[in-house]
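Only one chain is shown below, in structure tokens, and it's the form predicted alone.
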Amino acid sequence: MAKVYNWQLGREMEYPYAGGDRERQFAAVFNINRCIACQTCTMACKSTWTHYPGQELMFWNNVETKPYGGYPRSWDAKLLEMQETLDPGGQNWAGTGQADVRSPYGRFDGKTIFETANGTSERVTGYLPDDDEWKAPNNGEDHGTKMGPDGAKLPVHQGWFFYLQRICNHCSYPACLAACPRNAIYKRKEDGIVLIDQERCRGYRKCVAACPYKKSMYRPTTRTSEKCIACYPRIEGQDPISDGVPMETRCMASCIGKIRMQGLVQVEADATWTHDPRNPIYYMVHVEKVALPLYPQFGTQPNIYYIPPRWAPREYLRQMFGPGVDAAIEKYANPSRELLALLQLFRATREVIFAFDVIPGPVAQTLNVGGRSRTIYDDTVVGYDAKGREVARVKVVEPVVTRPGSINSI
């Protein structure tokens, strides 16, 4: 095992391969608070990529209801239990070691899925789901916990559920890549997208077992594994309507709830992100720290981030998104002037936004929130594409247009 630096864990960790240089990294932020589980993203992806024979139960994008839903069934609960068994008492963030200053989440001293596999015949701790576990992509949808006597009210609802939007995380240290005996899986240098070479793959399903998020899937008609390809022709600017600049993926561009923002971030040789506070993804992850990775303790350094839901129990959210949950929810509930403006850019354009500016505006409203006075400014946020051209301009206060009383009538 090589030693690589994982900035989400705040320490070095063991990984089968030395880290490689990346020019940029595909990344995104999903705002759970806005999702209505319409599954438009799911069907946009499926109608584009997985509507052929052998792909009937293959969903590269899915939206599942937590805490009871999951695709495949109980994918996270099973691996969390395995990790607890292999690393008893160690799967927490209360480590005694010194956290690197580059880590926004502190230090995780427990063992990752690569480290718990030491001494076994596998490179990664994982499991292969049964066929039955893939048969219900909507398992548990809209099933909430039991409603308590106090009803539903913030900060934590007595009865609760939330929607978790999932695609391949295009991890910095992919477990699928680490486990593949054929070296059929690779991570692109230009954008960090993880792909499976269909010519080299022999369908051993080591990647299916190893991926902690279960986003590598076996296709029986071809006897190969397939996964989300991050709509890489759009990322490369090859779409005829893109004018040569990166465009958002199908799942991002189709989101009617405006919960998703996709980006490309510059990365250093050790897989840390280059300081770039004008990049909207970098700003939310590293400056405001309002967006968190999914199960960072697995050690893959995933590149899809989530703004946690305000109403779910914090303990449940901490084991899912790490120790930054309380601060992230506070940031979202009481956003800074810049963050409030940036949140308006979600789904404001089909082009990938590489930089943003906030133009100050007048006071729009003064509120009293929980005994705290807050001033809302009608600022304007501007987004720029890869060529530095303006592609979006949105105001914080949405303008109201009143139609005339009489339309097309006498």
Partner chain sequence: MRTTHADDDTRTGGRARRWRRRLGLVATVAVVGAVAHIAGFQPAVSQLATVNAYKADADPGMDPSGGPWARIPGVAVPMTAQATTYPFGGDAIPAVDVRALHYNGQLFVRVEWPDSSVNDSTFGTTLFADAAAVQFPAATGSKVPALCMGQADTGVNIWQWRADTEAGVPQTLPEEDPDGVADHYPITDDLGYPARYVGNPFDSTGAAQNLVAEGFGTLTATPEHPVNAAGVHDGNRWAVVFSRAFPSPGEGQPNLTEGTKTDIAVAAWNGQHQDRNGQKSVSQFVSLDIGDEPVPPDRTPWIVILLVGGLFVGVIASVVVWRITP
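Numbering follows the first chain given and starts at 1. Quantities reported herein were computed from a predicted structural model and do not represent experimental measurements.
FYI, the form predicted together with its partner chain isn't displayed, but the following is about it.
A.B. asks: Give a yes or no on whether every one of Arg234, Thr274 and Asp385 sits within 4.5 angstroms of its partner chain in the model of the complex by heavy atom.
C.D. replies: So, no: the whole triplet misses its partner chain.
A.B. asks: Pick from 237-245, 114-122, 100-108, 85-93: which stretch has non-hydrogen atoms within 4.5 Å of its partner chain in the model of the complex?
C.D. replies: Result of the contact check: 114-122.
A.B. asks: Is Arg260 close enough to its partner chain in the model of the complex to count, meaning some heavy atom within 4.5 Å?
C.D. replies: Contact check for Arg260: no, nothing within 4.5 Å of its partner chain in the model of the complex.
A.B. asks: I'd like to know whether Asp191 contacts its partner chain in the model of the complex, with contact meaning heavy atoms within 4.5 angstroms.
C.D. replies: No, Asp191 stays farther than 4.5 Å from its partner chain in the model of the complex.
A.B. asks: Using the partner position in the model of the complex, report whether Pro129 sits within 4.5 Å of its partner chain, counting heavy atoms only.
C.D. replies: Yes, Pro129 lies within 4.5 Å of its partner chain in the model of the complex.
A.B. asks: Would Leu195 sit within 4.5 Å of its partner chain in the model of the complex, counting heavy atoms only?
C.D. replies: Although its partner chain is absent here, Leu195 would stay clear of it in the model of the complex, with no heavy atoms inside 4.5 Å.
A.B. asks: Which of the residues spanning 60-93 lie within 4.5 Å of its partner chain in the model of the complex, based on heavy atoms?
C.D. replies: The stretch does not touch the partner at all.
A.B. asks: Given that the shift is 3 Å or more, do the Cα atoms of Gln83 and Thr120 end up closer or farther apart in the model of the complex than in this form?
C.D. replies: Farther apart, by at least 3 Å.
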